[in-house]
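Shown here is one chain on its own, the form predicted alone, set out as structure tokens.
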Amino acid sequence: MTLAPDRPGRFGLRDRLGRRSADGSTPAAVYGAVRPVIVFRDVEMTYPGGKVALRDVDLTIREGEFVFLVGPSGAGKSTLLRLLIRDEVATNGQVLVDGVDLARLRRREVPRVRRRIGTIFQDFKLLPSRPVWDNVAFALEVTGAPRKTIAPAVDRVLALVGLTAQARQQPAQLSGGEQQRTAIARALVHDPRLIIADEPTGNLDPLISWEIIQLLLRINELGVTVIMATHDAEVVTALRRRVVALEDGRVVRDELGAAYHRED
């Protein structure tokens, strides 16, 4: 498979999409014209030993959406996210990211697809011996970005996440919220079309958790698609975005403007 050249970042996409509705969804008149970023078609994932993590998953997430992925531990959320970054390959079915069938990628093509995706984890995964600025720059250095482009890109995302003043501090000098904002800046620095956040507030207290969620919402408003796995029922219910619920590896609910739990 031959990949198309990387596209530039989609910051500013919101202007093209127009206003969002009160529940955070894209207006129906525009939604149909917006291209899919993520597509799962009849996806099954069975691990060695026979454990089935995902079954018959059909899911489409379009450009500019903010989607909460919910469900109990062991429901398949982490497996679904690992398929998106090609840490795993589906046993059956298709997983497409930005139109690319991940199962058909050559090994050397995987890094390019991953550069279109920003990943944020619960445990931050910062380099402890490097200051904030260097942690963010590292994401560009490892991809061979031209040196002249690195400094302005890093400065831009640090300003976006509110860490310009902490640029030369070590991770150990930061609060938990500041460490997570550093991780978000690192995920954003290569202008991804998609952010995958796996329990990004799991290690934070409620007040700081809301700050991180507000930052992710702001990033989404700039045009970046966000899919966030979470157990935080309060956040999901308060925000009323699209909710995709998994149980025993199956999608059991997919609703716009939904609460964490089904409301019948």
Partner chain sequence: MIPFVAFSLKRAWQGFWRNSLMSLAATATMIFMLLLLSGFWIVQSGLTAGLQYVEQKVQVVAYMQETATQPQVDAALAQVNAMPDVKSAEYVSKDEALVRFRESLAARNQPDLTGSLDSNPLPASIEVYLVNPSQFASVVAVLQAAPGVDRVENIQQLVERVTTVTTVIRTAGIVILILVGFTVFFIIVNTIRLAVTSRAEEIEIMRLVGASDAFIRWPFIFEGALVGLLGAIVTLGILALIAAPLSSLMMGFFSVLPLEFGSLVRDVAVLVLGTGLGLGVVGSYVSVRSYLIR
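Given the structure is predicted, the values throughout are model-derived calculations rather than measurements. Residue numbers count along the first chain shown, from 1.
Here the subject shifts to the form predicted together with the partner chain, a form of this protein not shown in this document.
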- Select from the listed residues 72, 99, 144, 152 the one whose heavy atoms reach within 4.5 Å of the partner chain in the predicted bound form. 144
- Query: Do residue 125 and the partner chain come within 4.5 Å of each other in the predicted bound form, heavy atoms counted?
  - Reply: yes
- Message: Under a 4.5 Å heavy atom criterion, is residue 85 part of the interface with the partner chain in the predicted bound form?
- Response: yes
- Message: Residue-level question: is residue 107 within 4.5 Å of the partner chain in the predicted bound form, judged on heavy atoms?
- Response: yes
- So in the predicted bound form, does any heavy atom of residue 90 sit within 4.5 Å of the partner chain? no
- Stretch in contact in the predicted bound form with the partner chain, which is absent here, among 129 to 137, 174 to 182, 155 to 163, 72 to 80 (heavy atoms within 4.5 Å): 129 to 137
- Applying a 4.5 angstroms cut-off on non-hydrogen atoms, the residues of 106 to 120 near the partner chain in the predicted bound form are 107, 111, 114, 115, 119
